[in-house]
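Okay, so here's just one chain, in structure tokens, the form predicted on its own.
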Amino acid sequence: MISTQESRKQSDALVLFGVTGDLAHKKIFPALYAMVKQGTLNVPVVGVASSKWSLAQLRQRTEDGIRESGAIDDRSALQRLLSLLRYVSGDYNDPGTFQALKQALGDARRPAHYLAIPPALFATVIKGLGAAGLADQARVIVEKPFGRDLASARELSAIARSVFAQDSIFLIDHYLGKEAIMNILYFRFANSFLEPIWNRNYVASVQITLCENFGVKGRGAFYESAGCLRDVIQNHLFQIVALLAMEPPAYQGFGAVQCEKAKVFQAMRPLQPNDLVRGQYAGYRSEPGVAKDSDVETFCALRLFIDSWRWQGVPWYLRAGKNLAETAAEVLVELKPPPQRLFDDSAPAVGRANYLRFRISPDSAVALAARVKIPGKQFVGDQRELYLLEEQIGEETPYRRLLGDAMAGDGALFTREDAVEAAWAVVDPVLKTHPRVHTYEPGSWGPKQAEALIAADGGWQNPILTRAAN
């Protein structure tokens, strides 16, 4: 094991396992280009994959990925990145691949190994790095999903800890690198007006929606092995819940934030089948790689409770899905109505009660909905939204931020094994025991059964993509 001081040294190389895959092409190469332009990447970048590529092919693939993500506006930066690239071709089960990697790393002694590979290969690569002596002062960055259930997550954690130091293991969820997600944490604890109402006494319910207006896009085989609950809810949406529900950190540091987030997962009540609605869009079973009788969900809605002092009895409603009406991600924190109905049009008799809304995508915003009186003699009003924040120009992309942080040893925007395992414990009871999927039409908001799940709390609030009040 290495010391904390040692772990905070900058990585002197970046190893990209799965460098020929789609993730590297669409997200990682543009992030590396941005880091070079920013001056934060000037170490060797060694790509590893089974493809029999030449270095020239890797360089061309890298340039293509950057161009497809946007204009190449700095040719010298592009050339500097291409000059940093090296390539190792080999089977991850072959020890010779890791010996070739050691040679390609040269004098580098503190590499960061990024596993942009199928989850089934995580353990194989981690063990291979350990056997080759490539983990002693190194870091490992593991893409989600970390395990398929509680048992596999624990097994993978044990393997990772047997090879790498605890503070050298970075579990990456790109959602945590989004500016809008980071703003949830900042907004909660940088504003004193929020704390008195941020509890079971004033919050009626919380909704979180992550919707996409497209299908699996040829990734049917992957989705058959994952499904919506594993793919986005257990990680992306649970991370948002943790930021919204956590207690104030005891000190300024990522360790304190991680501890409080883990406590939220530990306080979540394990899901039961009647907490869950699963859906599958019409036509999914015709996708390549999908079973003709598939019961895999492309939509999932659930009701969640957090058994803590602050949140006891407050329902949290989460939903996510593909081929829905919009592409957006949004949080709606609905407040309880005033205790006395002084005006005829007071909520909830008319419309929704006051709420706080965090829009995560397609743009970023924080909004507060409050009722204001309409001019005239009568005491009637309308609910309006006050926008507190909008999209910031020039913000870092998630992978650019997260890769830079991992190479610097900064774990603030990553999650820990204990938190991952606690999150799996919440969903574990319904991974195998659950209701069958309900079919829904593409372009809709999912199966009607999802509406029944939340009917007692006023129904789903679909993401607001304009600045209208309701």
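We number the residues from 1 along the sequence you see. Everything quoted here is computed from the prediction, not taken from an experiment.
Separately, the form predicted together with ligand BG6 exists; it is not shown, and the next lines address it.
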At 4.5 Å between heavy atoms, only one of the stretches 371-379, 228-236, 182-190, 284-292 reaches ligand BG6 in the model of the complex; which one is it? 228-236
In the model of the complex, R219 touching ligand BG6 (heavy atom, 4.5 Å): yes
So in the model of the complex, does Y175 come within 4.5 Å of ligand BG6, heavy atom to heavy atom? yes
Flag R359 as yes or no: does it have a non-hydrogen atom within 4.5 angstroms of any non-hydrogen atom of ligand BG6 in the model of the complex? no
Find out whether any non-hydrogen atom of K144 is located within 4.5 angstroms of ligand BG6 in the model of the complex, and reply yes or no. yes
Non-hydrogen atoms within 4.5 angstroms of ligand BG6 in the model of the complex: do D149, R278 and H438 all have one? no
With ligand BG6 left out of view, choose which of R401, K27, R59, H434 has a non-hydrogen atom within 4.5 angstroms of it in the model of the complex. K27
Taking ligand BG6 in the model of the complex as the reference, which of K261, K322, R319, R139 has a non-hydrogen atom within 4.5 Å? K322
